[in-house]
Structures are given as structure tokens and as C-alpha cells.
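Below sits a lone chain in C-alpha cells, taken as the form predicted on its own.
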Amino acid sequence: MTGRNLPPLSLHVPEPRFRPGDAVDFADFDMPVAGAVARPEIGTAPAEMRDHSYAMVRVLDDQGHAQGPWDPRLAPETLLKMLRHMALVRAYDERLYRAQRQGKTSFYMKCTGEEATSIAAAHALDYDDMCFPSYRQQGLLIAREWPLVDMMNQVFSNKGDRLKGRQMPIMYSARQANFFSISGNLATQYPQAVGWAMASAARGDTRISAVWCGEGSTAEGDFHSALTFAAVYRAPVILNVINNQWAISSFSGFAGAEATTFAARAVGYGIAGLRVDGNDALAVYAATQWAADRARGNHGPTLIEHFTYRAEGHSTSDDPTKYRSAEESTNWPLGDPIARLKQHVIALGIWDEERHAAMDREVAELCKAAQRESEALGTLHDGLKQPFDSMFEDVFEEMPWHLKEQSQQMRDERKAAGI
């Protein structure tokens, strides 16, 4: 029966606060106090941690001092290594971005402003722990000291590319670094990471897994299937959500940010949830360490929302000036992760501006030298780098008869064509 006196239904369409040309004002941003969030015991039941999904773990205050129970109290050498790795990934991004603009590769994605979410996390994990990245976690490889030349070879799809040009640029794979192959399909890595963690537990191993996705990917079915299995089997896995405020060209509201936090996804599944300042390297390290200890202690999974900001475009195919204000990145209230860690180590007296400037020059030269070495093996300009026969390889352990026939047919046709 139609309710004649009822108001007509209306549909809510989320709208970002600032559009191109708008003045940006974050004055009403409720800045969480550094050190104010309690640090639960490792075995705390998820139901007792509900507030942690709505608060925000912060360690560094505005003066760069570490505050509160989440301070990981890292050794000076660890702090400086994290700082260098973050500077290195930013320098790496800058060189590959320019290479794409020069036509040397077809595609690239920077992680500017999000470096702490992978670098600090990698330092808090054991090297043997398995990482299931999305496409903006190149910092995991850099933190694990993977060769820059090998990474660049993959981006250029040259003859040194171990993946033989079969993956899009930046979709790395490094089994020896416990770095799972990146997939362009959103959130497929989530059930894979949970399954890997379940297998590790079933074998009685001690290794855990960690997985990353963007906040937009939490709308994918794979994300929710993974959380169901992780909760039911208490899989030893860390589920990272990088809330950088923007998906490809739609803001986080389309993934549900207007209604609640992304860490709150954990509440409905009975999983421990943490919301962390993703631009605070110490907070990221501490939360990851806590979640890793929880997983190793058989207390189950943890979902961590890293609240950060995508300072650059989604990729080299994207123009963020078409959908957001140019002032957002410079006015982001949580600052820049490298600048904040730099401020912290200077305040500790273990670093200074001169050494920082020298480090920036050193990592820039390191990336320049790696690029020169990689480009010697070819770039997009140079055409095909892999032999045609390779398209039939690496699918089966032993090539079946029908692929042998097709491979031979290809060779015959190319020979007849004089190629």
C-alpha cells in the first residue's frame, strides 16, 4: 500500500569536502592527542577493543617527541634506517615517475606521503613473514633491501625482467623476499594472505602473513570473504587498510568513510581493530609489532587502518586536479611521514639538517645509478625484449603436447614471414 502522506524517498550520494579550485581548510579536523590511546595486552579480546577502531594511535607529537604507551622505543640505528628507506623509496618514485613521462615505461604509481605504511611495517615484521602487497607497497621491497635494478627491470619490462614482461609495470614479485606477486585485480591478495596464514598455522610454523589494500578495496567481496575466514579460524594475519582518502578518482566516502572508520570493519567480524596515524612511522611500527606479537601468540588476526593521504595522483594515468583541490596535499593536517620522522631524530640529537641533505643526495645518486644500469638492458623505446618462445613457458612444469604444437607453429610462421 502506498503511503500517500510519506515524504518521497531520496538517495544519498557522498560528496568530498573540497573540489578543484576550492580553498582547503582543515581547521575542524579533530586532531588526536599523541600518546592518548591505551595499549592493550596482546591477548585482549576483540570485544574489549572496540574503542580502538574509532580512536587513533599516535606516538609523535607536533614537536616530534614520542609520547605514550605505544612508543616502540627504537634504537637509533633502527630509526635512521627507517628514515633512509623512506627517503630512498621517495627518490626511487621520483626517478621512475620521470622515466614514465619520458616514455621509457608505460605506467607508474608513486606512494608519496604513504611511505611509513610500508617501510615502518616492514621493519616491525620478521623477514620470513609473508607480505601480500597492493600496488603502492614498493617500500616493502626497499625495506627488505631488494635490488633497485631488479625492481626497475620489471618496470621497464626489459631483458633483465625476471617476470619476462608478463606483469604491468610496478607489479613486482620477489619470492626470496617473501613478497607475493602484485595483482591488478583489487583485494585478491586478501583471501590469499589469510589462506597462507591458515596454512602456516596448520603446519605448526611460526611465520605470519601481512596484507595491504586501499580503503576503496574494502568494498570488494574478496575483502569480506577474507575477514570471515580470518575471524573463524583465528588466522595469524595482519590486515592492513591504507586509507589515503582517495581511490582512483572517488573519495573514501564511496567506500563507507562517511558512516564509520575502516578499522570498524573489524568490530562486526570479531577481529581486533586498530586505527593508526599512517604518517607517524613510530605509530605504524608499534601497531604492526603489536599485531605481529598477537598473531604469533595465537590470539588471532588484527585489522589496522592507516589514516594517511595520497599526495600524488592515483597513477601516471590519473590527473587529481580534475577531482580534488590542489591545496589538499599541502594542507593535510597529519603532515609528511619523512618530515615527521626527521624532526623526531633531530630532536633526539642523533641527526641534523646537514646529514639529512647529504642522505637525500646519496639516495638520489643511488637511484640514478640503478636506472642507468637497468636502462642498459632496455626500455619501452626498444621494442620486444623477451623471445617469442617464452609466451609458452612457465605455465606447466612440463609443456603439454598442444603447447608444443602451437610453439612450433609459431616458429614456422615467423620463419615463413622472414621474421
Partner chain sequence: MNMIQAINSAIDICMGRDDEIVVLGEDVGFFGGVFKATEGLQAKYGKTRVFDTPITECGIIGVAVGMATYGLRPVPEIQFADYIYPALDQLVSEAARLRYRSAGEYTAPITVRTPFGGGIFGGQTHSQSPEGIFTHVAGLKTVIPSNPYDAKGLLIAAIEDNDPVIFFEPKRIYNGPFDGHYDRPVQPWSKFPESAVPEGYYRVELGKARIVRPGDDVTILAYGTMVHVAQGVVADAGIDAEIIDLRTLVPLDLETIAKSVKKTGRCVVVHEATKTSGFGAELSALVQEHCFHHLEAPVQRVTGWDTPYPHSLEWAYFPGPVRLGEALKRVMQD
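Numbering follows the first chain given and starts at 1. Given the structure is predicted, the values throughout are model-derived calculations rather than measurements. Just so we're on the same page, rigid core means the largest C-alpha set that superposes within 1.5 Å between forms.
Form predicted in complex with the partner chain: not shown, discussed below.
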* Would you kindly say which of Ala219, Ala326, Ala347, Leu163 lies with a heavy atom within 4.5 Å of the partner chain in the predicted bound form? => Leu163
* Structure fact -> Checked Met391, Ile42, Ala38, Ala364 for heavy atoms within 4.5 Å of the partner chain in the predicted bound form; positive is Met391
* Asked: Does Asn185 reach the partner chain in the predicted bound form if we count a contact as any heavy atom within 4.5 Å?
  -> yes
* Asked: Taking 4.5 angstroms as the cut-off for heavy atoms, does Arg207 touch the partner chain in the predicted bound form?
  -> yes
* Asked: Contact between Gln289 and the partner chain in the predicted bound form at 4.5 Å, heavy atoms?
  -> no
* Flag Gly195 as yes or no: does it have a non-hydrogen atom within 4.5 angstroms of any non-hydrogen atom of the partner chain in the predicted bound form? => yes
* To do: Flag this candidate site as yes only if Ser173, Phe229 and Val395 all have a heavy atom within 4.5 Å of the partner chain in the predicted bound form; otherwise mark no.
  => yes
* Structure fact -> Of the candidate stretches 242-250, 328-336, 314-322, 220-228, the one with residues having heavy atoms within 4.5 Å of the partner chain in the predicted bound form is 220-228
* **Core fit, then Asp25 C-alpha moves 2 Å or more between the shown form and the other one** => no
* Taking the rigid core as reference, does the Cα of Val395 move 2 Å or more between the shown form and the other one? -> yes
* Comparing between the shown form and the other one on the rigid core, is the C-alpha shift at Glu15 2 Å or larger? -> no
